[in-house]
Each structure stands twice: as structure tokens, then as C-alpha cells.
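As a starting point, one isolated chain is supplied in C-alpha cells, in the form predicted alone.
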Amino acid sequence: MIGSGPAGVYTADALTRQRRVPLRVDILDRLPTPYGLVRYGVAPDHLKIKGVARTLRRVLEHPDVRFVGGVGFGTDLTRADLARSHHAVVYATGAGVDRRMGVPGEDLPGSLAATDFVNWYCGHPDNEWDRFALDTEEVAVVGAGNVALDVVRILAKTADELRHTDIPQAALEVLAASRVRTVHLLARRGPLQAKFTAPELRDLLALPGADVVVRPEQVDIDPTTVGTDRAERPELREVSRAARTNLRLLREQAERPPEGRPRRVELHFWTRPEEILGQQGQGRVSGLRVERTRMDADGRLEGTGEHTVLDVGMVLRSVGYAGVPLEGVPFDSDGRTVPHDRGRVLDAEGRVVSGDYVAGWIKRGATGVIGTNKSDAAGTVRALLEDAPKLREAVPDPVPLERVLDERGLAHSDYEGWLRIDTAEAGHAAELGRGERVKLHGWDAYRKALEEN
């Protein structure tokens, strides 16, 4: 198993729950910490969602599951290495990079991927800790998914509101000194096309220290006609129940006047970025030029020609994740996924690559929630178990993984190493008087924890 996030661990769970085929599962990860996006993608104040880690932990503690940390696929080990030591490999590496907006000025200092900000406040060890000074009063977040709402919410909260969470102390101190007072959320389409879920929206609307401003004209839609043939516009006729819930919440918020709270969140639907302003090579972002949008008669997005400039000093894009190619593994560069048939990896000619399987976002794209990975993993496991007899014929006598690692001269960590990091983070929280856990930040802190007995 390559990847220890929800997709990888749920796949291991499905494999070890069945009794038809006896097996053992090695879960490899480049990091010494498991759980993937549950640890490094879920906002620190989402305590219920982070509770998924307890379920994943039980899988990692199964006697037939082994966690192997600190080993990177394609850099430390190749597919040929794993072919010697395993009957099958499941790639569950997720979608590791952000998509770009493709507008002028996107590479200016102060124009960043929301994923970078998420990595920063989630304590990813690769993170550059001085990357976010939060020294501007206005920030734009482009996107209308759950990650975008997470980013807006963290920017709009005070350090005291986050002190009880596991956010790294270094990030908490930057947030305590933050000058950000207004956060603009930009959605290129309307409220009914937004991808965020109602629970995420409710969390945003419940911010105690920020006014959330919804313009009445942008949610002035008759809820009784939404999702019916009586809707006056094409985009209003096929609408999910979740979208109708979002509309109701937004309409209610539009009726609430601002209360003059210390911070302000402004929602801009039907608004797309046109250009990030500033001088390349000098200074940083100084503004964001945007255009109003609408749907044409055929349901396609078009600009209206009406432009405005937002006086922002930072732009965070949250317009989707994309998978990255894996060494020696077929890859669909258009869909940014590994091509497959029911989880079986396919080569460029559409033939099954024996012994190679895929699960999670690298399989289906960056869609769904954490729980979606469970059914996704089950489908891949069904295919793998069907193939089990011929897989054993192909590799009748696999060598121990330890031998492969030793031959490569690779040091690695294990589940006990992760527990040492876990213990160190609990101790760090106790030292700071901050809840149950505070994440360590940086590779040096991880190495120190791994060396402790």
C-alpha cells in the first residue's frame, strides 16, 4: 500500500476484514506519520472530522498490518523493488498538488495555493514556516469548496479560538499577530453551484468574531421553484437537496445586518479573478481585478464585462487538487489520475497491469469526502481478491521487505515511531497548556521524537 491516508488505510481495512484470502499488508508512506489528509488537510478546529483518526488507528494496529514510514515511492523504492517483496501494490497517494487559475500575476509574491496555507496550519513538516506573515488587512480566497471555507474560517478566527486545537504553536503565534480583518471568498458561479457542504457553511456562518456578509441580490432566488421546471434559469432546474439547503442558509444570512464584529467575511458569488495586481519581481500582491459572471442560455459561464478591483494583499487559490505522476505507473495527464478498470491499473493501450491497483483520489479524482474512500477502497479490494490466485503464481516466493530496504540502505520508521511522535505532541500540549495535542513542526522535531525511547 503506497500512502497511509484514508484511502490507503480503508483499503488495508477491507483486505484484513475478509477471511477468504490470508494476507498481510504493508502501508508505506514518505512521512513518519500516518493518516494523510486527516492529519495534514483537515482544519484544526474540525475536531469531529479529526476523530476519524481513531478509526484509522485501529486498522494500523491490526496484527496483519504494518506501517513503514519515511520511505518514498519512486525516490527510495521502485515498482521493481516492491514486485520482489509483494504480490500486489495499491497506489493510494491522493492528489498532491493544487490546480492553477491561469490568470496574469498568479506567480506574484503573496499569490499562493490554499494547499500551502493548509499545510502551514496543519503542521506539514515540508512547510516553510515563514511563508505566511499575515501582514495585510484584506485577503481573497478563490474557490467554493470545503477547503476554501476552511481557509476563510481559520483566517477569520482569533488565536484564542484556536488555542485548544492541535495547530502548531508557531502558526498560532502568527495568527495571534495577524493583521487580516477582511476575507473575500470568490465563487465563479452562483450559490447553488457551490461545492461546499452545509456543515461547513454553518461553521462559517457561526463565527463569533466575524460578520459574514451575503449580498441579498446574489441569493435572490425563489426557493419554491429551485429544482423544478418552473425555475426561470437553466442552472436552477437540476439542483441537489444539499444545494437547496445551502441556499436557505445563505438567504437567512443575507437578512442579518452586520454587527460590527472585529473581522469581516464577504461572499462574492458570480465573480471570477481576471488579474492579480502588483509588479513582478518587486513588492507583492497589491490587488485583485475581478469580473462579474453569469450563465448563458445554454448553462455556460460567461463574463458580463463588469470589472472591479479588490484591495487585497494576498490571494489564496482553492480551485481543486490534482494527482501527480508516480514513477513507472501509467498516468492520465488530462484527468490527473491513474487509469484503471474497477481499481486495476491500465497501461496506455488499456491493458491491465498485473499486480497494480489504485484507490482514492489518485483513482477517481479529488471528489467526495473522507468517508467516500471506504466504498472506493472496497471496489478495489474486490478486484484484487479476484486476482489473488494468479498474483501468487506470478510471485511465488516474495522476499521480506526488510531485505529490500537493507539492500537499498534505507532507514525507516514504524508504528512505534509514530507513537513516539504522538506522545511527544501530547507532551508538547501539556507544556503549553493547550488541549490534548499540539503538533510538532518541522523535520528536526520529528527526528528528535523518533530518537527518544
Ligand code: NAP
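Note that residue numbering begins at 1 and tracks the sequence as displayed. Model, not experiment: these values are computed from the prediction.
Just so you know, the form predicted together with this ligand exists too; it's not on screen, but the next bit is about it.
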Checklist entry - Does any heavy atom of V319 come within 4.5 Å of a heavy atom of this ligand in the predicted bound form? => result yes
Checklist entry - Quick one: is K157 in contact with this ligand in the predicted bound form, heavy atoms, 4.5 Å cut-off? => result no
Item to check | this ligand contact at T245 in the predicted bound form, heavy atom, 4.5 Å | outcome: no
Next on the checklist: Taking any heavy atom pair closer than or equal to 4.5 Å as contact, tell me whether H86 reaches this ligand in the predicted bound form.
Outcome noted: no
Item to check | Region of this chain that lies against this ligand in the predicted bound form, out of 253 to 261, 376 to 384, 145 to 153, 343 to 351 [heavy atom, 4.5 Å] | outcome: 145 to 153
Checklist outcome for this item: Heavy atom within 4.5 Å of this ligand in the predicted bound form, from candidates A80, A176, V309, V369, belongs to V369
Next on the checklist: Exactly one residue in R189, R181, R163, H124 has a non-hydrogen atom within 4.5 Å of this ligand in the predicted bound form; which is it?
Outcome noted: R189
Checklist entry - Is any part of 199 to 218 within 4.5 angstroms of this ligand in the predicted bound form by a non-hydrogen atom, and which residues would that be? => result E200
